[in-house]
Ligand SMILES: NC(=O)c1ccc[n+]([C@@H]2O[C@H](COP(=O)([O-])OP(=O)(O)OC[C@H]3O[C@@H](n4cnc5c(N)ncnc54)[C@H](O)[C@@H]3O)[C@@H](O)[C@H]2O)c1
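Below sits a lone chain in structure tokens, taken as the form predicted on its own.
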């Protein structure tokens, strides 16, 4: 496919995320929104009134049968992702799917294998991986002045949106897992998690997740039941620490040159501690809308075969981590040793090629 080709898109789902995708697709010179598919006739009519040039349908098959449609972008409920993505790939369409990827690792593996077999692009919309703040944080932790990264503590809580087909871990913590993989370039060796179903619908709406790496750890607090919305991440290094607050309108990242220095005492068998109170540094970051960069990355992955931050294989790693977390929740917080060989030869080879396992198995 030649560069500067404008690709026709079928968007499936026009709920919470669909309108945001619609705007970014339409603002891109690389894509044309050809058809919107949704089961709700009222949504389709409302959309058609404002977008008369876009076709509408409540039948997916109509979009898949259209040879002029190059891509399918999926923003439907999570439990529909697998079926829609599989049909789209079988029809020869490139696929961008909203998080979470699918409802299971097995389903996600099937899609990755199918995309590879068909020579098609499969990408998952883990939007934070295209956020200028996360890109800036990665640059900061690579600096010698930051020291050795020791821990990440993430809080991602709010009141709703309550899902009826996935729990809070699959809905919210998946973002943190994708960020951890991107920042650390390392995979955890074990996981412990607890969660509660406070609504009685069989889905955990509050969860605490602990990930243990070779020489560091990470923690996630995620909830749909908090009266306030918090999106904070504290990233601790041996020399500096970073506070990332996504709710802040500006200055979302603050680098703290603060810490404790221990010195041996010559007078007694003890260590003296001293507090280093340095400056707070606010680094610059790209403020381009992350979803705009997702759409752009999808185009370049299709046309120029450029690797994205959230292609099918990277998203598949997140799916495996989610299943290990759910296993620990089901076992009342038991520590689960993650056996990465279980992901299959192809994905395991991909993991090893990227050097994401820091301890031999």
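All of these numbers come straight from a predicted model, not from anything done at the bench. Positions refer to the first chain, counted from 1.
What follows is about the form predicted in complex with this ligand, which we do not show.
Novice: Is residue 81 close to this ligand in the predicted bound form, meaning a heavy atom pair under 4.5 Å apart or at it?
Specialist: Taking the distances in the predicted bound form, the answer for residue 81 is yes, it comes within 4.5 Å of this ligand.
Novice: Taking this ligand as it sits in the predicted bound form, is residue 311 in contact with it (heavy atom to heavy atom, 4.5 Å or less)?
Specialist: Answer no; every heavy atom of residue 311 is more than 4.5 Å from this ligand in the predicted bound form.
Novice: Using a 4.5 angstroms cut-off on non-hydrogen atoms, would residue 75 count as touching this ligand in the predicted bound form?
Specialist: Answer yes; at least one heavy atom of residue 75 falls within 4.5 Å of this ligand in the predicted bound form.
Novice: State yes or no: in the predicted bound form, is some non-hydrogen atom of residue 127 no more than 4.5 angstroms from a non-hydrogen atom of this ligand?
Specialist: Output for residue 127 is yes: heavy atoms within 4.5 Å of this ligand.
Novice: With this ligand left out of view, choose which of 26, 39, 48, 300 has a non-hydrogen atom within 4.5 angstroms of it in the predicted bound form.
Specialist: None of the other options qualify; the answer is 39.
Novice: 324, 43, 64, 317: which sits within 4.5 Å of this ligand in the predicted bound form by any heavy atom?
Specialist: The option sitting close enough to the partner is 43.
Novice: Quick check for you: of 201 to 209, 108 to 116, 169 to 177, 186 to 194, which stretch puts a non-hydrogen atom within 4.5 Å of this ligand in the predicted bound form?
Specialist: In short, 169 to 177.
Novice: Which residues, if any, of 87 to 103 lie within 4.5 Å of this ligand in the predicted bound form when only heavy atoms count?
Specialist: Read in sequence order, the residues that approach this ligand (within 4.5 Å, in the predicted bound form) are 98, 99, 100.
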